[in-house]
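Okay, here we've got a single chain as structure tokens, the form predicted on its own, with questions on binding and movement later.
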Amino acid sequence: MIYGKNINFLRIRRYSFAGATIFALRIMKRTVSIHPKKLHSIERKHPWIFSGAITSKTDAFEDGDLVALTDSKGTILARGHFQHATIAVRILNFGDKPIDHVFFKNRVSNAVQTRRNSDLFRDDNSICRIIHGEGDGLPGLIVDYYAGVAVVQCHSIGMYRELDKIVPALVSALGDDLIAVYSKSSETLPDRSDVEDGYLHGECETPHIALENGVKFNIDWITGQKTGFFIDQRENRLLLAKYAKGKKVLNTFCYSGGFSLLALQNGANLVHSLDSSKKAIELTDANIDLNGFTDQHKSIVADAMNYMKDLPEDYDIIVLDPPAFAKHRNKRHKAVQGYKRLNAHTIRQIKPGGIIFTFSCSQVVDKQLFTNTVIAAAIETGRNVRILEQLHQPMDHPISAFHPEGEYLKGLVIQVD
């Protein structure tokens, strides 16, 4: 058995192994009828079906059941995972095709090969995302890779119930590049008492050292945020490095110091890393020590919004990379006001000619709204601002052409005269 000695505690029980065939046959009988006026969503290949589009009864369904979507004539249009929620079905495949081990093997293999083709598996880079939900045709599934360790986070119970197919697919696709597979879904599926974290294949001690563009990072998927690291800023950190030579940099919301380290590696004179979390600063300091940049670095524990109101020092470059200010549409206005205040404080405080890297990872704040918000902040300050670069998530966080909601990270490089 490839999963190793710890597979039992994941409680996959009736979802796999001895009962797999019987359970699969029961699932295949699950059908969901879609209202004729809602079929356009499937025709456009959008991977979500909302509960209001379903006309058949689903009371007997369990979260995570594999269901077939049909029109009023009973024709199977797609298959996906059901959940008693606003997003009732996450579509895995359009048409009448089985969702089995072959399906997962092909999808995972395709995703991994795409990363290999983009040269993300290199001697100086061993960190990347290898599965990005809808962007890789596997909604509800995130897999991040850290120097041989694949960390799995399921955002739907359906994907959690497919782990017996996902793990061998990862083993097959990664081959000798795989040391271990770790499941970390308890925080993304908090309402499920049967979801536990642990190794599904192999084991690896943490913190585990991995490389991003030549910089060493301590990765701890067990106690760290998300899967242990924020991979989506890799290319933007590399861009900052091009601006940083000879400069004094302030990296706010620093978490584990990614922007700080890339700036230091590429010749920044001095970098200050700021975060309200003492634990985050400890992570940053450990990574600074790991790379030998202690003399050029200072850590600050403080609330960034308050700190930016009256900076005690001048900086050439300031990075604003806050956590999501809004995760739901009804919080969007409040989030926009937060982004405006943060950027206005920073634009007022930065020295003439200074550069600001400013970001939003709030999916409900699209790139045009974010840009308009930064412009509004600039108008409020009365200073002249130029947009030098427009930033986004990297290729290992792909966006399905049929699922624009997958575009969540946006950013600007601005210069303040």
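Just count from 1 along the sequence shown to find any residue number. Predicted, not measured: the structure shown is a model, and the values here were computed from it.
This protein has a second form, the form predicted in complex with a small molecule, left out of what is shown; the following refers to that one.
Residue heavy atoms within 4.5 Å of the small molecule in the predicted bound form occur in exactly one stretch of 129-137, 298-306, 74-82, 261-269, and that stretch is 298-306. Not displayed here, the small molecule is approached by Pro323 to within 4.5 Å at the level of heavy atoms in the predicted bound form. Contact check for Gln225: a heavy atom falls within 4.5 Å of the small molecule in the predicted bound form.
At the 4.5 Å threshold, heavy atoms of Cys254 reach the small molecule in the predicted bound form. At least one heavy atom of Leu274 is located within 4.5 Å of the small molecule in the predicted bound form.
Taking a 4.5 Å heavy atom cutoff to the small molecule in the predicted bound form, the contact residue among Arg237, His201, His345, Lys248 is Arg237.
Screening Ala280, Val336, Ala241, Leu174 for any heavy atom within 4.5 Å of the small molecule in the predicted bound form leaves a single hit, Ala280.
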